[in-house]
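Below sits a lone chain in structure tokens, taken as the form predicted alone.
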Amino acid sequence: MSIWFFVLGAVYLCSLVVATVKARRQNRSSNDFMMAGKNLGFLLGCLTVAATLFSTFTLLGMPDFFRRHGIGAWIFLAVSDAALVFCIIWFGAHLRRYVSGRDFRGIAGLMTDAYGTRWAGYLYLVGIFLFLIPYVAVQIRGISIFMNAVIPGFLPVWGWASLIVGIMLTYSELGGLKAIIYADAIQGLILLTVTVVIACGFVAHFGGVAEMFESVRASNAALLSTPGPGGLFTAQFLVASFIAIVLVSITQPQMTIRLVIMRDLKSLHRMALLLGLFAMIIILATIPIGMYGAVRYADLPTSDFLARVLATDQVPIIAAAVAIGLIAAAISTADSQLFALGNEVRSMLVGDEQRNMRHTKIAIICFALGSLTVAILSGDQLVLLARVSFAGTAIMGPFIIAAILAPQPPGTEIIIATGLGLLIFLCSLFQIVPDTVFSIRLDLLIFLSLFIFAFLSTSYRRAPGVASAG
């Protein structure tokens, strides 16, 4: 495997060099560097959004999720991703209409303009920083641990983490968002191909799809029904997780920026539909991997299970391709989120554009180094924080939706309520406050409360005489 790893790794690095050079030639202004020229086609758009959404969790998390909790996991993810596609089409249209004619640089700046106070922008910046940096860090740490196990003795965990961050910073700082999008396209194709090839191999191992499910039934029949062996899929879990996934396209900056830079609304619609197809293929392909693990390695810990199904039980070239695909996935997810964080900082800066760009690039480097530090030193609390990244950012959903859809400027009371919601949610993660209230999950209660509060607030301000008085 080592020989194939270095061969495929060299090909992957060469493709990144080509992408960076091509992007640098196309970047003629700072806006091109940060916004990729706002001319993204539907095919490239689908691949970059897919690479941003489907990170290392696709091969490192989803199969283990299916192995432990069964086929209900696939049904839940399929329904959630279908709703996400609808949300991309719906919110993307409203967002593009709202920013039409504006100098859009990021959601933080947009929130500042919409609410009429910089505190709105600062709240958004704090929220995404708290939940995206640890998520990026754990992605980097996860793939570093996997690579250290697959190719022992080549680099320590911190060495793999530093290498990944170094590669990511090099092409993103040189080529900007366009280089990231090209790299995402490469990663999306690698991930899709590798996952489908492995899935086909495991289906063939069982002798067919029907035989695979029969083997799983004989091993553990609870895997083929809900709520699954661990009873995970309760109604509250499904609703809260559904909301968190659907709101990704609204709350996370690496997604919103891609909605804005699509060439036109028609391209956005095509991208969303193709993304739904991509998601279904990926999710379907991870089922045989998880089912194979449920039959062969039901009692193994996660790390050993992944090492067996993704490396030991594969021919060397496939195992090497998996390793490269996982590195590419970690890089694509991390660079998109870190670059988006830098872009949000830029949206809050005023004055000389050259100075702002310099500060933005410095911010991206600082965010990357911060993620690297957290990846190397991360403990259980930070890992927990990363696992609820989507839920944490989703809390800002009503705050953002009110700014985009409300006919009048929303009030500062929504800023205050959102800030309190984030604070309470953080306290629950560190067990300062309970994570349930009257048997209701706290994250679900915060979601619903903020949606209702934002609706009542904007409705009140629409009342005759209130808007003019405000």
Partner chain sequence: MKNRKNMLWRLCCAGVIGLSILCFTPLVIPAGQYQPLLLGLPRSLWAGMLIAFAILALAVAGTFVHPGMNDVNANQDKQP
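Keep in mind it's a predicted model, so treat the numbers as computed, not measured. Positions refer to the first chain, counted from 1.
From this point on, the text means the form predicted in complex with its partner chain, which you will not see here.
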Legend entry - Contact segment among 314-322, 393-401, 133-141, 78-86, judged by heavy atoms lying within 4.5 Å of its partner chain in the predicted bound form: 78-86
Legend entry - Contact of residue 154 with its partner chain in the predicted bound form (heavy atom, 4.5 Å): no
Legend entry - in the predicted bound form, residue 273 touching its partner chain (heavy atom, 4.5 Å): yes
Inset, instruction - Look up in the predicted bound form whether residue 287 has a non-hydrogen atom within 4.5 angstroms of its partner chain, and give yes or no. - result: yes
Inset, instruction - Examine residue 217 and determine whether its closest non-hydrogen atom to its partner chain in the predicted bound form is within 4.5 angstroms. - result: yes
Legend entry - Candidate site 129, 304 and 343: all three near its partner chain in the predicted bound form by heavy atom within 4.5 Å: no
Inset, instruction - Let me know the one among 362, 149, 204, 210 whose heavy atoms come within 4.5 Å of its partner chain in the predicted bound form, would you? - result: 210
Legend entry - Candidate from 170, 354, 225, 193 lying within 4.5 Å of its partner chain in the predicted bound form - any heavy atom: 225
Legend entry - Heavy atom contacts to its partner chain in the predicted bound form at 4.5 Å, residues of 230-268 in sequence order: 235, 238, 239, 242, 264, 265, 266
